[in-house]
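Quick heads-up: it's one chain on its own, the form predicted on its own, in structure tokens.
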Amino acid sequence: MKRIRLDRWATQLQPPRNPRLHLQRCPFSSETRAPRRELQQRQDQIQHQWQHQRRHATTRRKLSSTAEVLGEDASGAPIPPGTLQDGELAASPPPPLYAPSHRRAAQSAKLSALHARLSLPSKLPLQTLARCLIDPSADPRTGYNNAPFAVLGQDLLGYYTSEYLMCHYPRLPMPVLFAAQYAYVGNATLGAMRAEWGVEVVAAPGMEVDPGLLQLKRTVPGNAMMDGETRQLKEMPQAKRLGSGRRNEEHGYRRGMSSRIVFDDQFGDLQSGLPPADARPYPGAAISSPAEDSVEAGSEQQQDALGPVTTPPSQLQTPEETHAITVEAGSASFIRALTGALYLHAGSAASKSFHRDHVLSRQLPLHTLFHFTHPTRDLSRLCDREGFEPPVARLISETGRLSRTPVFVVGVYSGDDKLGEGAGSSLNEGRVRAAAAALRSWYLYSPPDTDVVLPSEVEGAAGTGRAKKQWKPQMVDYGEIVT
């Protein structure tokens, strides 16, 4: 019978030895309990001192910020600095939370997956991405929602899209340019992009939802009638013309292309629902004036006429008081805010790369955006302006003239040069289609890619030493044909 070694079994049951202790004996013996008890007491004493110092520093910092910055007690009377004692802090309630806290963004799997799915740079933190998903209808405070980012992102998307269209297609008419810009960065396109990215929308906003969801206050389904009118709100979105900036705000007022360029938004649509252009953000708001000695007297008189300068109202708006929006408008606000956040955190190169990968990569057939009412007359005016010979329609081929479905192929020529070709069931239809094809080929002219240099590609190149493109003057056309 083999001998059993109890010492080997005992060492397996014992905890590993601590090399920092001077005594390496059995942990259950009375001789080793004293050093461990002393070590534990020393650690507790050090931790207690550290907590006391931290509490004292926090109290001193809160006292300085409360007593010297606020300088008021509970009754509203001012308190001289240095009179508050330890622990006498002004009780201020924490701000309410209408959306998930930014501290939860780091633990959200949806946010991390969205950040990786879009290949966003590491300079864009998850907290900012979570803020881009909070619409002003869910949290009206500008310091917590995506409204500031969306304003910047809307301008960036419009700028990048318009320069791409104007440099690659310099002859586009203004109606087609407005339509193409809306097709690229309009609400409908941005809403479809949000769905393609896999970003889900909450049923109702709140602080308990996941930070990776798009939070907005949905509009109530329905199509109500306007007050005193026979039009419905959703069928006539441009019926409300308040704040469009025109002299006549009536519904039937004629809108020309010049007024669309001057008064309307980047898509040529009405800026409905905005305050008038001369309205101030709050009563008594101050205005700026030239900082010169010669106009000091005039500015003083103007200030006296305006009255005393007042501060903006500090009433916080709650989500119950905000206006509900559609999912499409909330999705567009999210993508615009994400573009603005990318520009602020990672620079213009990141925002431009984001625009190229997600906006310009979408297919848009520009030839389908043209609509000519009198193409033959427009083509005659174009040839006369450019010094070409007058256009002449010639029959190229035909088939089935005496049948039920004849086809005539007609070409439009200017001298010996064929401008366009079209097919129709009659000679007149073929002539009109050929003239429209000639106009489309003229307006869709695009210079070679080697000659196209976008203005944003050479921004900040001077003095930086970075290898960028050299600026080349771009083509500027005379404009569209006005008949």
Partner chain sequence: MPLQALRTVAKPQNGVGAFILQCKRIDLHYCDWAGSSKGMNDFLRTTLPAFAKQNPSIELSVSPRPGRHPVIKGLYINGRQKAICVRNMESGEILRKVELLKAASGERLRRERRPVKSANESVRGVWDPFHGHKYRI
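What you see is a predicted model, and the numbers here were worked out from it, not measured in a lab. Residue numbers count along the first chain shown, from 1.
FYI, the form predicted in complex with its partner chain isn't displayed, but the following is about it.
Listed range touching its partner chain, judged in the predicted complex by heavy atoms within 4.5 Å, from 331-339, 137-145, 153-161, 397-405: Selected range: 397-405.
Residues 176, 198 and 373 all lining its partner chain in the predicted complex, heavy atom within 4.5 Å: Spot residues vs its partner chain: full contact, yes.
Close approach of residue 214 to its partner chain in the predicted complex, 4.5 Å, heavy atom: No.
Examine residue 112 and determine whether its closest non-hydrogen atom to its partner chain in the predicted complex is within 4.5 angstroms. Residue 112: contacts its partner chain in the predicted complex.
Heavy atoms within 4.5 Å of its partner chain in the predicted complex: does residue 189 have any? Judged by the heavy-atom cut-off of 4.5 Å, residue 189 is in contact with its partner chain in the predicted complex.
Would residue 358 sit within 4.5 Å of its partner chain in the predicted complex, counting heavy atoms only? Within the cut-off, so yes.
Exactly one of 165, 369, 209, 350 has a non-hydrogen atom within 4.5 Å of its partner chain in the predicted complex; which residue is it? So the residue touching its partner chain in the predicted complex, by this definition, is 369.
Exactly one of 204, 392, 364, 327 has a non-hydrogen atom within 4.5 Å of its partner chain in the predicted complex; which residue is it? If I apply the 4.5 Å criterion carefully, the residue I get is 364.
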